[in-house]
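Next up: a single chain in structure tokens, the form predicted on its own.
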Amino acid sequence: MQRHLITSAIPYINGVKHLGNLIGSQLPADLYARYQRGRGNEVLFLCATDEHGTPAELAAAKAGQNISDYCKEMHEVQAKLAEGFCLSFDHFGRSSSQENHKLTQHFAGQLEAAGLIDEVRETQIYSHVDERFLPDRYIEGTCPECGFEDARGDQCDNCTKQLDPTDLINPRSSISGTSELERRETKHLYLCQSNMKKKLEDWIDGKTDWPILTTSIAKKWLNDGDGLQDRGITRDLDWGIPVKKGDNAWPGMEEKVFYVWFDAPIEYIACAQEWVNSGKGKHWESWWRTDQGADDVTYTQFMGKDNVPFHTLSFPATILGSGEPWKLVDYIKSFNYLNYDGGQFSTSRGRGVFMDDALDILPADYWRWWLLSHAPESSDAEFTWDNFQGSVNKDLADVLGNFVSRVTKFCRSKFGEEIPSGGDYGAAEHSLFENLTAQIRAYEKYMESIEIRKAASELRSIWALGNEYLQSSAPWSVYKEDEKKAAAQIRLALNLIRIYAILSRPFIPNAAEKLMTAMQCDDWSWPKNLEEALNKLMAGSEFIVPEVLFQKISDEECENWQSQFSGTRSKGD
């Protein structure tokens, strides 16, 4: 049995996430976690809310709430939505947890002792109107690299260039909108990433199986311009993890907190501690420390491309720089952007379909299937309502749903609600075994390599093989001449429904559960030997005809939703 540690990039606490956020990390991570569990492997799947930094402060201020109360409330909202989308986290933590406070301060102490932290006097932006220093995300302006007018002070969302607030052209406060800003001297801690360049280079060069998107971004940050830069790890904020060296004070830093990019990835480890402390798990160290068993763990991270620099460079610099035996990531699956109907999804601008809105109009499996089968792996993808309607109707309703309906209803009408006996499998059935086996092995290959669109395509082909068999064998015609032969055909088709439930569960878990329930079975064992697996449902065992698995989306519904979501989101977060 293999052991798989899986983490999804942790979502910001500032409101409900849109579908682009969902497919960029959490949903594909869940797909992989479910697949590995289905293969009988041990999985620890972790995620959390990212609760520090300016996005949290700004969102709480906008909501008129105390920031601590706001974060607690929004964590509950995001946890409920994750459950609604069937995200099977073993633990959904919080970066504001005491476990993360302690661990972040521990890492800071280790890095300082290793000579990898400098105290740097620097010039930062001070706002007279707001009467405070403005951390990076409190400042917006024009990106000096690409000219994007709404770049943030830490990074441009358009070109992904990492920035300092002083780099922006025509900077303005995101709190008050004022341009009355001045540069003032202050003191902050910097992680000396440049001292780690060779170690990081060697480590990344050894990851020959990483996606091109991941390695190209990592190497760009390592080598472009002046190469890997030292990075500030503290900020002038009230909300965050207080700056300490382990349990000890850090003189001169008493009024500062750690920068969110530093503490947020550490939450992956702290989240495992939370999992244990909540009573849901045991021995978190065996997943995260190579001196306590984690050397046999395969660690996979999922994230959007904007998060790649932090996870390929900054977080590994923290881990390696600590000098302690922490588990490093083995594989980083990164994604391009999902755009929305001719433009960009945007949380801050409320543009697109958000997770709560999506669940209000259709069950989770509809969205899961479309998003995963159109995952933005090799390039950006675009959500359109016409494409969504076509995919749901053709794939889920016409292929999978139609097969299940035809088989179960025909059996009920001719043999009753039990697996029919009699008849033997012939050449057509054995040909189906061979074709299905080849398709399932291809599906497994793509799932193992996390090629999601290819895996979805193979799964659809597996569904289609059932329809092709049903059409060519025509049990409704055979029944008139040879009842036993028709019984064998239908027995095989009913067993195929169980196989479809097992294979489809990572993509559409609710539908898979309905199929298994309809077959009155709880055997989810993976079909390693297909001919044996297709005889699991024995003659005489009962089944029930399920309700319609997937309702088709009408043209009217599609047009209404396109109109409903054509502007900006009005629902409160």
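Numbers for residues come from their place in the sequence shown, where the first is 1. From a predicted model like this one, the values you see are computed outputs, not experimental measurements.
Keep in mind the form predicted in complex with the RNA is missing from the figure; the text below concerns it.
**Q.** Selected contact from 311, 172, 101, 460, since only one has a non-hydrogen atom within 4.5 angstroms of the RNA in the predicted bound form
**A.** Result of the distance check: 460.
(Q) Considering non-hydrogen atoms and a 4.5 Å limit, which listed residue (467, 158, 292, 431) is close to the RNA in the predicted bound form? (A) If I apply the 4.5 Å criterion carefully, the residue I get is 467.
Q.
Would all three of 337, 401 and 454 be in contact with the RNA in the predicted bound form, where contact means some heavy atom lies within 4.5 Å?
A. Affirmative, all three are within 4.5 Å.
Q. Taking the partner as it appears in the predicted bound form, which of 349-357, 241-249, 471-479, 173-181 has residues with heavy atoms within 4.5 Å of the RNA?
A. Answer to the contact question: 471-479.
Q. How about residue 259: is it within 4.5 Å of the RNA in the predicted bound form, going by heavy atoms?
A. Judged by the heavy-atom cut-off of 4.5 Å, residue 259 is in contact with the RNA in the predicted bound form.
Q.
Please tell me whether any heavy atom belonging to residue 185 falls inside 4.5 Å of a heavy atom of the RNA, as the geometry stands in the predicted bound form.
A. Outside the cut-off, so no.
Q: Find out whether any non-hydrogen atom of residue 55 is located within 4.5 angstroms of the RNA in the predicted bound form, and reply yes or no.
A: Flag for residue 55 set to yes.
Q.
Quick check on residue 208: any heavy atom within 4.5 Å of the RNA in the predicted bound form?
A. No, no contact at 4.5 Å.
Q: Just give me the residues of 275-307, first to last, that have a heavy atom within 4.5 Å of the RNA in the predicted bound form.
A: 305, 306, in sequence order.
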